[in-house]
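Only one chain is shown below, in C-alpha cells, and it's the form predicted on its own.
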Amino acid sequence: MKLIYPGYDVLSKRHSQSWDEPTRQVIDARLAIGGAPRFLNEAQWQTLDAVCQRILPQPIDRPPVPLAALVDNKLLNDRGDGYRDARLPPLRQAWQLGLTALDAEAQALDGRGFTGLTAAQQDALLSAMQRNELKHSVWKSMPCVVFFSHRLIHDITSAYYAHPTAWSEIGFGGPANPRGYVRMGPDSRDPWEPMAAKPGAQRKAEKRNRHVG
C-alpha cells in the first residue's frame, strides 16, 4: 500500500488539545464496534461482509476497518440519514431486502449464494446491480440500482471514512472539536495537520518500514 502520510496516526491526537472528552468517547465507541452481527441474520451478514470486500478492498498490512460491523451497527440503531429516496423502503428493510435479493440472484446464477461466487462473479453481479439489470422477484418494487447507489455504496463508504483508520490514510485530523480548522482553502492546512509525502519520501518510508519490520 502506498503511504501518502507515512507515520501519521490520527489516534496520537487523543490526549492533545485537538480532542476533548466527548470527542474521545465518540471515537472510542466507534473503535469498539466489531465482531458478530447484532441486527442482521448470519446469512445476511456473510453476504454483506463479502460485498464490503468487493466494494472497498482493504490493504493486508493493517487491521481492516470492520465495514460489515459498522453497517450492521447503523441498522441496529436504525440510524437513518434524515431522508430517503421514495423508491426505497426504510433503512432496515432496504438492507434486509437488498442482501436477500442479491443472494437470490447468486443462487439463480449457479446454485450458490453470493459468498460462494468467485470474486469475478461477485463483481459482475454488483456491476449488473449498478446497471439496474437484476430483476429477481425478491427485489419486489425496490429498483436494484437505487439500492446500489443510495444504500450499498453510500452506507459502506460512509462507514469507511467515519473510521480513524481511514482518517490516518487520508491525513484527516478527526473531529474539529474543540480546536477546529482554520485554513479551509485549497492546498492549505493547519500546522497540526500532517503533510503528504513528497516525491521520493514514499520510497524512503517504505524502505525504513521494511527494515523496522
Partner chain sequence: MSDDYLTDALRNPRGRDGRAPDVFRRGGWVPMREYPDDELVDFVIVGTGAGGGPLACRLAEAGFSVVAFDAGAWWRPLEEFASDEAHQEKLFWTGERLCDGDNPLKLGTNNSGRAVGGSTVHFAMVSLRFRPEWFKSRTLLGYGLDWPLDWQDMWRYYTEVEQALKISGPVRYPWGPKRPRYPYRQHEVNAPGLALARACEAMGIAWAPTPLATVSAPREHSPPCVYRGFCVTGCATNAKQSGLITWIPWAVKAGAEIRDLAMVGRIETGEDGLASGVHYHREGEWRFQRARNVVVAGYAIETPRLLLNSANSRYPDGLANSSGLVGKNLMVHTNQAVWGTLEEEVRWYKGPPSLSLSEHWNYEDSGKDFFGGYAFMSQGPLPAAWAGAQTGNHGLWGQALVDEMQKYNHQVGLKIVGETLPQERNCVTLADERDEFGLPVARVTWSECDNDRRLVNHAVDFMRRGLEGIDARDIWAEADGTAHLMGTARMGSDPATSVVNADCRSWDIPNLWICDGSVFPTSGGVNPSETIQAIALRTANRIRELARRGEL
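Owing to the predicted nature of the structure, the values given are computational and were not obtained by experimental measurement. Between two forms, the rigid core is the largest collection of C-alphas that superpose within 1.5 Å. Numbering follows the first chain given and starts at 1.
The discussion below concerns the form predicted in complex with its partner chain, not included here.
Interface membership of Thr100, defined by any non-hydrogen atom within 4.5 Å of its partner chain in the model of the complex, is ruled out. Contact annotation: Asp110 falls outside 4.5 Å of its partner chain in the model of the complex, judged by heavy atom distances. In the model of the complex, at least one heavy atom of Asn177 sits within 4.5 Å of a heavy atom of its partner chain.
Heavy atoms of Gln25 reach within 4.5 Å of its partner chain in the model of the complex, making it an interface residue.
Using a 4.5 angstroms heavy atom cutoff to its partner chain in the model of the complex, all of Pro90, Ile170 and Arg189 count as contacting. When its partner chain is considered in the model of the complex, only one residue from Ala43, Leu31, Ala162, Ala36 comes within 4.5 Å through any heavy atom, namely Ala162.
Contacts between stretch 66-90 and its partner chain, counted in the model of the complex as any heavy atom lying within 4.5 Å, involve Arg79, Gly80, Asp81, Gly82, Tyr83, Arg84, Asp85, Ala86, Arg87, Pro90, listed in sequence order. Annotation for Arg24: C-alpha shift under 2 angstroms between this form and the one not shown, rigid core superposed. A displacement of 2 angstroms or greater separates the C-alpha positions of Asp190 between this form and the one not shown, with the rigid core held in common.
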